[in-house]
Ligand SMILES: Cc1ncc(COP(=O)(O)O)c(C=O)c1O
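Given as structure tokens, the chain that follows is alone and in the form predicted on its own.
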């Protein structure tokens, strides 16, 4: 009888590489995986998370809810109780349809999939969230990026010209934009929605920090879908996104949604946290206050330019992004170096707003270095 613990021969690495090359699409082989930095022991200011924890009362309520989850059974495929909790929290009327995703990332994939037919185009301002382009390329769609203005605001005339030329099936508008923090003018977004022949997806991941939203107007336009996530308001670990639109759009998106895509623990936890809406709102307000303080302090540093932000991060152009990033990392502070993402982002660092103590550590380190 063979000993299952005995060492087994390995396939020849050259043969594995040859089969990968022969099988995997060249475009995929040329891509890089989305990088997630290891942050153990670091002050983590790189991923736009809410830095604040939960109260003991909220943790106890979550523990009670999770204790009753039947993890031996599949979750509710439609997530109806979770949708009802979202609807109550957002004061959404019944005629606005909702679809749930495993984070908003999955919803981005679904939206790309429903328009993926030969010749279709996905269009977005550039730079913006990298997954808009990545998802289009994975679906064999042509992605058209329309450069922002030099000050990282929306070039609405260029967007309208590109829409008229390309007739895109899907337009992405991050509102506010990532990684710039820019909040596009509402009237410019309206012009784009009205001009676009296909879907306009307004990605409101940072809605809690912007005091602006198209969610209340989602039924006003025939082609508008609003996408959100709970990650930025304090629930990044539960991985939940939702899309709101006319029922006809949600019915089509639901066809490409994997069954049971939102797990039972998420469905149990999120309604509990939504019931603590006052706590989440207080934390968002604290982040907005710290954003103003951090932005002002950064702008006071020599040779640093800070762009206006309506998100839970600030974008700063520094003399040498690589050197400043390394200095912060050596000090145990992790930010995002986006300088190589796009020419408009040259020497830019994206800095998530942390707790006051975390922000003080950042500013003290940069103050010594600058």
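Positions refer to the first chain, counted from 1. Predicted model only: the values in this text are computed from it and were never measured.
One more form of this protein, predicted together with this ligand, exists but is not displayed; see below.
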| query | finding |
| --- | --- |
| Joint contact, 83, 214 and 245 to this ligand in the predicted complex, by non-hydrogen atom at 4.5 Å | no |
| The unique member of 261, 135, 266, 229 whose heavy atoms fall within 4.5 Å of this ligand in the predicted complex | 229 |
| The single option of 99, 174, 270, 122 touching this ligand in the predicted complex, heavy atom within 4.5 Å | 174 |
| Among 144-152, 70-78, 162-170, 203-211, the region lying within 4.5 Å of this ligand in the predicted complex by heavy atom distance | 203-211 |
| is_contact(residue 249, this ligand) in the predicted complex, heavy atom dist at most 4.5 Å | no |
| Distance check, residue 306 to this ligand in the predicted complex, heavy atom within 4.5 Å | no |
| Heavy atom of residue 129 within 4.5 Å of this ligand in the predicted complex | yes |
| Any non-hydrogen atom of residue 282 within 4.5 angstroms of this ligand in the predicted complex | no |
| Residues from 32-59 in contact with this ligand (non-hydrogen atom within 4.5 Å) in the predicted complex | 48 |
